[in-house]
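Read the single chain below, which is given as structure tokens and is the form predicted alone.
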Amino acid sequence: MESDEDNMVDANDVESVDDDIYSGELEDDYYYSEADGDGGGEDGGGDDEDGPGYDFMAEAADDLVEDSLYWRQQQSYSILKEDDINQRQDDAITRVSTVLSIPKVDATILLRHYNWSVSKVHDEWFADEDGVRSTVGLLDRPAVHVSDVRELTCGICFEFFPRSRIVSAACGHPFCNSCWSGYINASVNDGPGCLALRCPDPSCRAAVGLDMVNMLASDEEKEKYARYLLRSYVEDNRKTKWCPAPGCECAVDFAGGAGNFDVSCLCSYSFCWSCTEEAHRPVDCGTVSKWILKNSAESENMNWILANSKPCPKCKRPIEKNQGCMHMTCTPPCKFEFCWLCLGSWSEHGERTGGFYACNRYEAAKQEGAYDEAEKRREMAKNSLERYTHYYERWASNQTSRQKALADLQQMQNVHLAKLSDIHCTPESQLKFITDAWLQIVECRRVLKWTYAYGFYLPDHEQGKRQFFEYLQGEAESGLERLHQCAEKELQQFLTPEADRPLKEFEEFRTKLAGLTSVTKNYFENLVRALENGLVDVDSNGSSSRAAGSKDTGGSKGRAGRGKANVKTGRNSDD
């Protein structure tokens, strides 16, 4: 399979983000990165004062690596272009045809029936050849014996035709060329089911192979059939899947066990081979599925309505109040006027009940416990909504930042590197440290995005794990912001030709940026490793048993998963 070796792209050769970042085995890591203003974080993040030093990161990395050498298994996968798929398909057909001593057309039918598994075909064939032939329709002798006459009757149109215009499958049922062509063309136009085409005779199960399609179908249908056959090699094969990126025609052949399922296609799109969603390491597929479903479900809409509105006492339509007095007027055609607090008719309110901004009736009823259940439900819905909004906004913000960063990275590679090379008389090959920094930033933004989905589903009662998670997340985000600050802001001063800066300053910038890239990589290695291990470094007492546990876990407050998001309302329906 010489062609496979030449054309197949191994995981370590692909511009893969995930495998290089966390393995620590490759020097030239391939990352995407972000150029999103001040780093895309909530606090800007260029501040070094509250961030940990390099020494701590070295210690933390050593601690976490010691007891978790098992945590990651290298996965191998291959990116297949159309030529690679055709070559693999032809190789499989040739192997089966040679071993079983059958025509390639029959070998193709067998392989498609057994999902292109050569070993499965061999096992089934040698175990029960007659049974396999009967199942797939490969007859070893004709079912119908036609007498040696000059003309035969077509079994479809019942016209008489010379023997030269009559064609039969392996079963021997005679049909004319025209009827065969119409039958095959109609089957191909119906879709991929044509790959399991059988003899037109209703009582016959003889298979119709590629040879008859090429002989009798039109050019357009031949092309469609070939496309269906090619796609079946990927779609029916349990080890291969198409890249889900729009417009990409590459497939991924995955040969790995449990562990990391993130792969990166030649089109630069990274996705999870297991669930085909975008790459989401270190979060598992189940969490991703729940998070995506929650983002698309109507449950949060109902929570918002419950938390921020009350039903009109007359027509029961929900009404939102976000400012103003307690005098509410429902929209037409209802137009019922009522008190927002007690929901009583406004005609019964006035100065004696507290005026426009208070309600004595409500306060008295509340003290008696009349509104406890409703208020409790509304408060629970509001807290749930605020919590979801907090995590969702940060998840979406990191996604937006990463998308913008990819565009900025493209500009850096196409424009700025050449400009830097000219200004500082430095070969572009020696500026790779800048690209590496940007790639690191973008990949870290992807990881950071999914940590918010992880944090949302982390049980509230596991306070020790939550504190450890927020600590690691905060430290990683802080390191990312420092790297972004350096890569974006400090780089600009070297892109201006008028600024004649000494070479020594550029070398100092190189050292600083490369160091921050390495440190940020270590931060995210620690975060990913801890999350994939289920935060097992936290003991039963809720404290961390690793280096992080001896630090102040409050360091991540304000940067990571803590705090409540501000929820603004829009519509007002009061006076």
Partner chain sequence: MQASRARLFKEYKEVQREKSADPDIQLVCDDSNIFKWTALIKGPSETPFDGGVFQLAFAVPEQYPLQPPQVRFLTKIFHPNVHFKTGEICLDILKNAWSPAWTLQSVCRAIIALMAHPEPDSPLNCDSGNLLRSGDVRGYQSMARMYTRLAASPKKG
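Positions refer to the first chain, counted from 1. In this text, all values refer to a predicted model and were calculated from it rather than measured experimentally.
There is another form of the same protein, the form predicted in complex with its partner chain; it is not shown, and what comes next is about it.
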### Query
Would D201 count as a contact of its partner chain in the predicted complex, using a 4.5 angstroms cut-off between non-hydrogen atoms?
yes
### Task
Mark Y457 yes when one of its heavy atoms lies within 4.5 Å of a heavy atom of its partner chain in the predicted complex, and no otherwise.
no
### Query
Does the 4.5 Å heavy atom contact test between F336 and its partner chain in the predicted complex come out positive?
no
### Task
Flag E159 as yes or no: does it have a non-hydrogen atom within 4.5 angstroms of any non-hydrogen atom of its partner chain in the predicted complex?
yes
### Task
Name the stretch, out of 314-322, 474-482, 223-231, 148-156, where some heavy atom lies within 4.5 Å of its partner chain in the predicted complex.
148-156
### Task
Could you check which residue among P142, G182, G344, P244 gets a heavy atom within 4.5 Å of its partner chain in the predicted complex?
G182
### Query
Which listed residue (A186, L503, A418, A127) meets the criterion of a heavy atom within 4.5 Å of its partner chain in the predicted complex?
A186
